[in-house]
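One chain is shown next in structure tokens, namely the form predicted on its own.
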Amino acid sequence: MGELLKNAIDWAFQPTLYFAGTVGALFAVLFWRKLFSKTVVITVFFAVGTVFMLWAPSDPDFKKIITKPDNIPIVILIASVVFFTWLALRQAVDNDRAIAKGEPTLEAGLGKKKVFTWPDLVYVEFICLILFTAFLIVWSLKVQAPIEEPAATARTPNPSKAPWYFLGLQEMLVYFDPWIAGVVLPGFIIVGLMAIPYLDTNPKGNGYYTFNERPFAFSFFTAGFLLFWVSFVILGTFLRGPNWSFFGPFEYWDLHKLEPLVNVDLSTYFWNMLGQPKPLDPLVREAPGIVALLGFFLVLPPLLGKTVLKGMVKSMGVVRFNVFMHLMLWFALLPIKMILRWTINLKYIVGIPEWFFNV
């Protein structure tokens, strides 16, 4: 029974199922937020999680990965993110219920309770400082620091991983050229965050948790944080093993496991389907991918603006809507490329190595 359960978990953590499962779970939580914000749900979740963490380390492969000194904080990260995401969702549901009844929000009620900085605030901060200092001292004595020998070009670690907070960028390097994964996409993320006050002028939901008054903002930021940061940290920490191959949580990290590189460009699919050799001219050869990208960035925004997002165009205006859509489409390009790589082994939509232009 134990081996059957381990095999089922390894199967469920295949990249496609893992990503689809996290997306489905997140949107299920947001859609049925009134149910998932109940105390019994988070209690059951942590109870099941505790039982799992007591049983799973009996497997030597799982224990070896989960107890690595630099992986222990990620386990704490997962538990903390789950709890505080649930807490934020619960406060949003409670505030939406209060707003619907014409009552003040939770934050409005707390704002009326004023305390002195000294001794109330500083005293609590000082006690927390002492407790966390003691905790870190015990941790440093019980857990060996993950410090290895000096770097040597003749002995590189396998897998070679970035610090946990850069695992998302390292994962993006699998699907895009470095100039896109390391410069363009992070740049658009920074620009998008800076542009929020100028694109979203909704005055509601400032200073208090709410979902009904800011459904898109709440959903988008929750998805961006959990799906494209936390889930990538988990994927890069526990599921990416030697040779940057995927491994299940209970699977042995075999150094000799080599996945065949059968990834091909969109142009290869297109010209093979027509039974024609690929043209020598890069622009003609990559015309299918160029047309696909132009349609994605130039045709899709006005098409959505005239159909399902007509209300957003009216509230934001044409200019702000188009800026917003282009930032969103760059954000959406990552999961699209990931799914295409995992399902049909697509390497590049447009691949022009002669010009160092590979998307």
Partner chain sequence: MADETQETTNPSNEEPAKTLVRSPLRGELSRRSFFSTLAFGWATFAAASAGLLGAAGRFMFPNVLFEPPQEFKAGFPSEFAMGVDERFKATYGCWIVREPTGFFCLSTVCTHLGCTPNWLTADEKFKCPCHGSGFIMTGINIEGPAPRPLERYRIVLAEDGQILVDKNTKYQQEKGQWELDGSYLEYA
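Keep in mind that what you see is a predicted model, and the values were worked out from it rather than measured. Positions refer to the first chain, counted from 1.
There is also a form predicted in complex with the partner chain; it is not shown, and the following applies to it.
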{"item": "Contact residue in the predicted complex, chosen from 156, 133, 80, 202 - any heavy atom within 4.5 Å of the partner chain", "value": "156"}
{"item": "Sole residue of 164, 221, 271, 244 within 4.5 Å of the partner chain in the predicted complex, by heavy atom", "value": "244"}
{"item": "Interface segment, criterion being heavy atoms within 4.5 Å of the partner chain in the predicted complex, picked from 120-128, 171-179, 211-219, 271-279", "value": "171-179"}
{"item": "Site check 258, 262 and 353: each within 4.5 Å of the partner chain in the predicted complex by heavy atom", "value": "yes"}
{"item": "Close approach of residue 160 to the partner chain in the predicted complex, 4.5 Å, heavy atom", "value": "yes"}
{"item": "Residue 348 within 4.5 Å of the partner chain in the predicted complex, heavy atoms", "value": "yes"}
{"item": "Within 4.5 Å of the partner chain in the predicted complex: residues from 320-342 (heavy atom criterion)", "value": "341"}
